[in-house]
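One chain is shown next in structure tokens, namely the form predicted on its own.
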């Protein structure tokens, strides 16, 4: 007859507790995931095979034609390019700017806390409210742009009415709106950096730039990779700011993929077509998320 050792008994108790937690918490989580994620995606996939306006029965089965219409639409490719522009600006402007400011306000002092709060406030503001505020500021007749041009005696500049410059206004708002979020991510990462490593580098004669690129930045690697992930996924989902500032205009030049889905699918009662756009967007997002996690964040 064998007698269980205390270690074996403790391990068995731990396994029982783990299984009890799984049995207790897994069913509600699976129910919520099924109701709010899996079933809507399954329905959208099913609707995408029909020419349906959202009313009545699904009767006009058209197969993959909705997907063909999506990829034949030049506005969709313009929206895809616009999403890519947001990602590029985020990588080249927003994240480096957030990193630079985080280095200035990462210290645990009262002044630094106040500056962090000021830079973070735009992120707290609702996207629709931020978009409406900036839409007024960009207005060539009454907003801040009108005041500046009037002050210097220049002709009014209607930035949001120009197909060439309207999307630049949206990019400015996106950088302003979400810059504070990434700054706080980097501040959290900087406060976790071991100060003794920086002191050792300084004793060895490292310059400030060498300390940043050789010590600080490598230690912030997981946070930088997480920020890039959030930036790309958020860019793919951008909608509220576009809807508030331009609603996709002028001449459909400022659409993102989500605004394209809404204005060309939902508001025009082309539910089957909108569902096809949603499925394409879902595939792009999932492919990026899993690919990025496997290739870039596999060790985080």
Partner chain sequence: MSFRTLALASACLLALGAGARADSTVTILHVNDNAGARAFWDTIAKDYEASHSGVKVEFKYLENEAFKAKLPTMLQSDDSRPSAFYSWGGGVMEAQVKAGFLKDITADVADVEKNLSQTADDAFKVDGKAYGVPWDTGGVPIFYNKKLFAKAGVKAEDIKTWDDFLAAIKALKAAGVTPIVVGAGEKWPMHFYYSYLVMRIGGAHALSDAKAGKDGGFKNATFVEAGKRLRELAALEPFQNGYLATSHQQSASTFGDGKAAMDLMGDWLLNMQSSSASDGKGLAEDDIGVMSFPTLPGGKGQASDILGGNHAFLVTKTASADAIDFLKFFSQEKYAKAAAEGGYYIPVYKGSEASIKDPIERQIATMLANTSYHQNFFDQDLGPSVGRVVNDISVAVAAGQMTPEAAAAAIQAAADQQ
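Numbering follows the first chain given and starts at 1. We call the rigid core the largest set of C-alpha positions that still match within 1.5 Å between the two forms. Keep in mind the model is a prediction, meaning the values are calculated, not measured.
Below, we refer to the form predicted together with its partner chain, which is not included among the displayed structures.
**Student:** So in the predicted bound form, are 35, 158 and 252 all sitting within 4.5 Å of its partner chain, heavy atoms only?
**Tutor:** Per the other structure, all of 35, 158 and 252 touch its partner chain.
**Student:** How about residue 28: is it within 4.5 Å of its partner chain in the predicted bound form, going by heavy atoms?
**Tutor:** Output for residue 28 is no: heavy atoms all beyond 4.5 Å of its partner chain.
**Student:** Mark residue 45 yes when one of its heavy atoms lies within 4.5 Å of a heavy atom of its partner chain in the predicted bound form, and no otherwise.
**Tutor:** Judged by the heavy-atom cut-off of 4.5 Å, residue 45 is well away from its partner chain in the predicted bound form.
**Student:** Using the partner position in the predicted bound form, report whether residue 63 sits within 4.5 Å of its partner chain, counting heavy atoms only.
**Tutor:** No, no contact at 4.5 Å.
**Student:** Would you check, heavy atoms only and a 4.5 Å threshold, whether residue 139 touches its partner chain in the predicted bound form?
**Tutor:** Output for residue 139 is yes: heavy atoms within 4.5 Å of its partner chain.
**Student:** Only one of 216 to 224, 104 to 112, 171 to 179, 131 to 139 has heavy atoms within 4.5 Å of its partner chain in the predicted bound form; I'd like to know which.
**Tutor:** Heavy-atom contact with the partner occurs in 131 to 139.
**Student:** Could you list the residues in 37 to 71 that come within 4.5 Å of its partner chain in the predicted bound form, counting only heavy atoms and keeping sequence order?
**Tutor:** Contacting residues: 40, 43, 47, 51, 53, 54, 55, 56, 60, 69.
**Student:** Is residue 31 one of the residues whose Cα moves 2 Å or more between this form and the one not shown, with the core superposed?
**Tutor:** True for residue 31: a C-alpha shift of 2 Å or more.
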